[in-house]
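Single chain ahead, by itself, as structure tokens, in the form predicted on its own.
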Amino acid sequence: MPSALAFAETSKRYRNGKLALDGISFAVEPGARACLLGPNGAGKSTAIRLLEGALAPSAGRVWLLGEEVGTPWYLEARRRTGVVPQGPGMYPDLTAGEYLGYVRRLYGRGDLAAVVEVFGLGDQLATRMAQLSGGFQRRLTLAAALLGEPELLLLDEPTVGLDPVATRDVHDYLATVMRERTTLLCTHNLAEAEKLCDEVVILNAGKVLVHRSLADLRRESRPRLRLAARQGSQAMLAALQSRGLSAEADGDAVVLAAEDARGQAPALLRALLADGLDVYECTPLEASLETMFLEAVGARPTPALPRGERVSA
């Protein structure tokens, strides 16, 4: 079975000379829920636009549902793909109902009434698209993307600009519709990616830094300890520094990287209590996607407590 989408030594250089993608190669297999991450200018949106057929690669090849972009067979693969663009166009002269009807005719399939019900659009069908709230505009875009019963979803910043309530609603919809579909989610929202996806592709400066499952990344990531005392984070940092350890403040607590967080925690806790600190939290932390992302793109990691280091009381 071919990959759901794939890049092979793909580069894209714009007319102004900017190299947005520099020979990237990766594939997302059918059924995967992958997130595409990277800092601004990493090449994420360029990759999505290549998959959509909106851009042509300067070098290399791109496939969508087994068909190479730019070939006569690509159009059929594109019809089996649902796209939620970062800036969905709102046609000022069309109502939400007229727009969905147009999409239904374009794809030639899909249960319009069911999609309207799922996304709660029944009361908005007579409203012109440009007059919908941001939350309902996103719902409408998702409804249109799903109306053709796609095998693959390409989501480019689906919650950008939404308030927290609308973001939560869109996340709930996405969690449901992504279950049985291959998905590539392009986002800056790391919590969103962690909630919705099970594998990650990290781009930086047009190159692929990481393509792994989140489970594998967590297993390989350095464990950490979160420590908090009644005296506050500064007192905790000073106590750790006096023992040759360094950490980073996290509100009223501190976070210390450790090679064996669970094994080293008891000795460290005894030492801090002996120093007179009223420690009320000593929690091993699972690595978050934010931590793994910052490590991948070269941000400064939390200083570590080496494996097996003894902490005397």
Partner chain sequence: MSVLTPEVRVLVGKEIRQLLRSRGALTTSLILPVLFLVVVPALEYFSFGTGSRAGRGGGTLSGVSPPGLTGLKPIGVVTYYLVPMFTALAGVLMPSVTAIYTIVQERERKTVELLVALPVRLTDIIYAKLAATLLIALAVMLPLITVQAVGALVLGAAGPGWVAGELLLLGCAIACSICVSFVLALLARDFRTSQQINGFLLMPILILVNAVLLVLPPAVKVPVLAALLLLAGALALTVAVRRLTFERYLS
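Residue numbers count along the first chain shown, from 1. On a predicted model such as this, the values are computed, not experimentally measured, just so you know.
Here the subject shifts to the form predicted together with the partner chain, a form of this protein not shown in this document.
Participant: Pick from 166, 210, 83, 196: which residue has any heavy atom within 4.5 angstroms of the partner chain in the predicted complex?
Facilitator: Going through each option in turn, the one that passes is 83.
Participant: Within 4.5 Å, heavy atoms only, which of 175, 90, 118, 205 is in contact with the partner chain in the predicted complex?
Facilitator: That would be 90.
Participant: May I ask you to check whether residue 149 falls inside a 4.5 Å heavy atom distance of the partner chain in the predicted complex?
Facilitator: Heavy-atom contact with the partner chain at 4.5 Å: absent for residue 149.
Participant: Would you check, heavy atoms only and a 4.5 Å threshold, whether residue 55 touches the partner chain in the predicted complex?
Facilitator: Within the cut-off, so yes.
Participant: How about residue 33: is it within 4.5 Å of the partner chain in the predicted complex, going by heavy atoms?
Facilitator: No - in the predicted complex, heavy atoms of residue 33 and the partner chain never come within 4.5 Å of each other.
Participant: Residue-level question: is residue 103 within 4.5 Å of the partner chain in the predicted complex, judged on heavy atoms?
Facilitator: Residue 103: contacts the partner chain in the predicted complex.
Participant: Any chance 49, 94 and 129 all have a heavy atom within 4.5 Å of the partner chain in the predicted complex?
Facilitator: Yes, the whole candidate spot contacts the partner chain.
Participant: Counting any heavy atom within 4.5 Å as contact, can you tell me which stretch out of 103-111, 234-242, 219-227, 180-188 lines the partner chain in the predicted complex?
Facilitator: That would be stretch 103-111.
Participant: Suppose contact means any heavy atom within 4.5 Å; which members of 14-32 contact the partner chain in the predicted complex?
Facilitator: Heavy-atom contacts within 4.5 Å come from 15 alone.
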